[in-house]
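Okay, here we've got a single chain as structure tokens, the form predicted alone, with questions on binding and movement later.
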Amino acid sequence: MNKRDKLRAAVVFLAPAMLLYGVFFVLPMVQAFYVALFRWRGVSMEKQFVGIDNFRTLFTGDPVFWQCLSHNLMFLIVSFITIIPLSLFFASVLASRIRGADVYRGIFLFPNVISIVAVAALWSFIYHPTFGILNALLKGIGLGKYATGWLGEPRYALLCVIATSIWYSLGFYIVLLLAGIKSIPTYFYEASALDGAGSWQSFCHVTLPLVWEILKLAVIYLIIHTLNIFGLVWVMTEGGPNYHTETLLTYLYRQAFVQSNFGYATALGVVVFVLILGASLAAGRLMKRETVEF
């Protein structure tokens, strides 16, 4: 088969997938960029062309947008400094063939099989000021003075939602990194042991370099998750109190389906898309290193 025949065969096999990708991803994305240039209520046939006014208002005349962005960045920073180290630690422990590893893995992964709405409702009851488990626990150990309405307090609401998100997400990253660690051939660890390396040295010089690509994937997943967070926040607080837990996507939903400002909401969606794309590419470049093959 010559080069032209190979190209023709590749086009034939890729055409259905590329058609679906174009119809369900590229076309809606282009349409979103187009709608963002209009003032539109979403149900009317009339659209008023405003050019980049929606974007100008978003960046210069809407303080709520910057507040939402800061909340998403807080989600990202806190999640990164907790989920990545914890998932690496637990994945390394589970990979060391401890007794009951399969049971522990199931326990960690269990929150991921629950609907996000159910998780949000469950933790809303835990944080409830009257009959919540958290306040009952504080009162039971003599710290009742710290009991409060957690989701109604501007100081604590965002941190409470972030804690719930970490509880929900951690298992996924543990299983992801565990799969990478288990794929490392044992002779790497045997060689490091022969050289006198301890557990920490083996982790730093064997485990970490060999799961680096999977760790990079985990970081990109985390960026996408935290910048796209919506359901958990909306069910637990609806962005309250007074926008103190509002995120980019909850604000987008509010603009589109509560205030019927679809043009502005679409502009916000375009900005979120660009932020996620830029942050993911930046993370991939910053974490780029020579691939270790085995």
Partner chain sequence: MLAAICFVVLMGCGHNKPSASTTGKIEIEVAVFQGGYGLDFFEKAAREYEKLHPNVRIRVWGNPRIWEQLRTRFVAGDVPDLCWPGWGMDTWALVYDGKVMEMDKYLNQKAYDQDIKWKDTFIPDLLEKGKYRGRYYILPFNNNVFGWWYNVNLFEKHGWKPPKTYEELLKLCEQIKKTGIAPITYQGKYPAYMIRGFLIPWVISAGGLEAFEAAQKLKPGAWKSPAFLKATRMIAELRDKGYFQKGAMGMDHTGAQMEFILGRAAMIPCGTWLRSEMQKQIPPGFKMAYFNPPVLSNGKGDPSITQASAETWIVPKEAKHPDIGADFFRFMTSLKMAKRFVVEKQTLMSIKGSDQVKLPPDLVLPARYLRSAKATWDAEFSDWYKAMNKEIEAAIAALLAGEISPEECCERMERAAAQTRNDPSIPKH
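We call the rigid core the largest set of C-alpha positions that still match within 1.5 Å between the two forms. This one's a predicted model, so the numbers in the text were calculated from it and none came from an experiment. Numbering follows the first chain given and starts at 1.
Keep in mind the form predicted in complex with the partner chain is missing from the figure; the text below concerns it.
Visitor: Please identify, from 193-201, 158-166, 143-151, 77-85, the stretch that has a heavy atom within 4.5 Å of the partner chain in the model of the complex.
Guide: Selected stretch: 143-151.
Visitor: Counting only non-hydrogen atoms and a 4.5 Å threshold, tell me whether Ser70, Ile184 and Gly278 all contact the partner chain in the model of the complex.
Guide: Checking in the model of the complex: none of Ser70, Ile184 and Gly278 is within 4.5 Å of the partner chain.
Visitor: With the cut-off set at 4.5 Å between non-hydrogen atoms, does Phe65 touch the partner chain in the model of the complex?
Guide: Phe65 lies outside the contact set for the partner chain.
Visitor: Taking heavy atoms only, is Gln31 within 4.5 angstroms of the partner chain in the model of the complex?
Guide: Because a heavy atom of Gln31 falls inside 4.5 Å of the partner chain in the model of the complex, the answer is yes.
Visitor: Counting only non-hydrogen atoms and a 4.5 angstroms cut-off, does Asp53 reach the partner chain in the model of the complex?
Guide: No, no contact at 4.5 Å.
Visitor: Taking the partner chain as it sits in the model of the complex, is His225 in contact with it (heavy atom to heavy atom, 4.5 Å or less)?
Guide: No, His225 stays farther than 4.5 Å from the partner chain in the model of the complex.
Visitor: Could you spot which one of Lys216, His205, His128, Arg105 gets a heavy atom to within 4.5 Å of the partner chain in the model of the complex?
Guide: Exactly one listed residue reaches within 4.5 Å, namely His128.
Visitor: With the partner left out here, which residues of 30-59 have a non-hydrogen atom within 4.5 Å of the partner chain in the model of the complex?
Guide: The stretch 30-59, when checked against the partner chain in the model of the complex, contributes Gln31, Ala32, Arg39, Trp40, Arg41, Gly42, Val43, Ser44, Met45, Glu46 at the 4.5 Å heavy-atom cut-off.
Visitor: Superposing on the rigid core, is the Cα displacement of Leu277 between this form and the one not shown 2 Å or more?
Guide: Leu277: C-alpha displaced by less than 2 Å between this form and the one not shown.
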